[in-house]
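In structure tokens, one chain follows: the form predicted alone.
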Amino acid sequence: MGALVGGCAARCSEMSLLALGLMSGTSCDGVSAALVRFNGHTFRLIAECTRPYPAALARRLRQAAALPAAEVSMLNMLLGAHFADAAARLLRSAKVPAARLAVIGSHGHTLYHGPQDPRPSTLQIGEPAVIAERLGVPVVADFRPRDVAAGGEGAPLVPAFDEAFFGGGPVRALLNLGGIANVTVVGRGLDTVAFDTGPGNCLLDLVAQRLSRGRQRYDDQGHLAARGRVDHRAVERLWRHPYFRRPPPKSTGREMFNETWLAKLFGRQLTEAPYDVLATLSTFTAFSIVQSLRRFVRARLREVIVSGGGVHNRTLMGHLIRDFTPVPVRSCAQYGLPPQAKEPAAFAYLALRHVRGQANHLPRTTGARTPRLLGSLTPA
């Protein structure tokens, strides 16, 4: 079943192109893949899937920033094979030969993101040569480094997709609840605003893993958080982090919001009252998103469209619905786009723009000096 986004139905013609996008987010939960047909200002989602990582690989990815170079090198190739396998499986399920693809766009998996370091840098792994070799399709990857080299944050990059396909409608916030939460505000006549708001699922996942002693990778539907009590004073302490006062463009990651930060703020509560910590973090995640939008976006929102794995966390979504009232909060599934398909669909689009020689980011949302052609192309 295909989903339709961006206006009237895409017309089948020689101008319509198939592209496949691959995404591995900060949560280290798996590879999301989306097969998309683009035609002008419309696109149709043909198929999508998320392939979970084996538990051992997920653990290694969470620890990857501390691994020696030899292990990172091996992990880069191993992850490329997982990406290639996810793409191949999706194509088989859709009964689409790889030869019909114009390009594959792979975001890769971010090991380190430091655009504000004295020497700005960012590093994604998931070797594109392995993907190109196994599928015989050109691959565009490594999108972030060129934006960083041009003075930008290297993220978020999805706003170029959001503006292209949602920018002509009413003023909306397109919120992605991945490991890190990011938002794009678009609308007719509005200069697009986008930035990482802060933690999405990453802190919730860490506590759920500790609480369950590794048996659960995340708080399924927010059930664990629903058992705890919110510490509102802790919410205020979390909100004092200087990142939340910094104006866009800005981006962040596990380098800033991680287990060390949690331990500093919660201490023994992480062990003695983990349900309360989860309840507090769920409240804070929603609070930081809503308050960041109020702080940095002046436009009046007509609706909030949510994507990413956090859509399935009922507790978190309940907080967002309450805190955004009277602005309606809806899953992007109501627009025919499954929550975990949006980001890979966006990178399919960015890759397609790359092979057409078209700029594929929004400098005003990343801070880059001028438009650039992001990504490196690995030929088929």
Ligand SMILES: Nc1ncnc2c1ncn2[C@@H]1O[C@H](COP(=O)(O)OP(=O)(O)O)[C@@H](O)[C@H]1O
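Keep in mind the model is a prediction, meaning the values are calculated, not measured. Throughout, we count residues from 1 along the sequence that is shown.
A second form of this protein, the form predicted in complex with the ligand, is not displayed here; the remarks below concern that form.
K.L.:
May I ask you to state whether Thr285 is within 4.5 Å of the ligand in the predicted complex, using heavy atom distances?
P.N.:
Answer no; every heavy atom of Thr285 is more than 4.5 Å from the ligand in the predicted complex.
K.L.:
Could you confirm whether Gly309 comes within 4.5 Å of the ligand in the predicted complex, counting heavy atoms only?
P.N.:
Looking in the predicted complex, residue contacts with the ligand include Gly309, since a heavy atom lies within 4.5 Å.
K.L.:
Using heavy atoms and a 4.5 Å limit, would one call Gly178 a contact residue for the ligand in the predicted complex?
P.N.:
Yes.
K.L.:
Taking the ligand as it sits in the predicted complex, is Gln291 in contact with it (heavy atom to heavy atom, 4.5 Å or less)?
P.N.:
Residue-level check for Gln291: no, no contact with the ligand.
K.L.:
Out of the stretches listed (309 to 317, 328 to 336, 350 to 358, 64 to 72), which one is close to the ligand in the predicted complex, meaning heavy atoms within 4.5 Å?
P.N.:
In the other structure, the partner sits against 309 to 317.
K.L.:
Please determine whether each residue of Glu127, Asp142 and Ser251 possesses a non-hydrogen atom within 4.5 angstroms of the ligand in the predicted complex.
P.N.:
Looking in the predicted complex, the three residues Glu127, Asp142 and Ser251 all stay beyond 4.5 Å of the ligand (heavy atoms).
K.L.:
From the list Asp147, Asp196, Asp162, Asp219, which entry has a heavy atom within 4.5 Å of the ligand in the predicted complex?
P.N.:
Only one option qualifies, and that one is Asp219.
K.L.:
Which of these residues, Thr110, Thr184, Thr280, Asn201, gets a heavy atom within 4.5 Å of the ligand in the predicted complex?
P.N.:
Flagged contact: Asn201.
K.L.:
Could you list the residues in 330 to 345 that come within 4.5 Å of the ligand in the predicted complex, counting only heavy atoms and keeping sequence order?
P.N.:
The stretch touches the partner through Gln340, Glu343.
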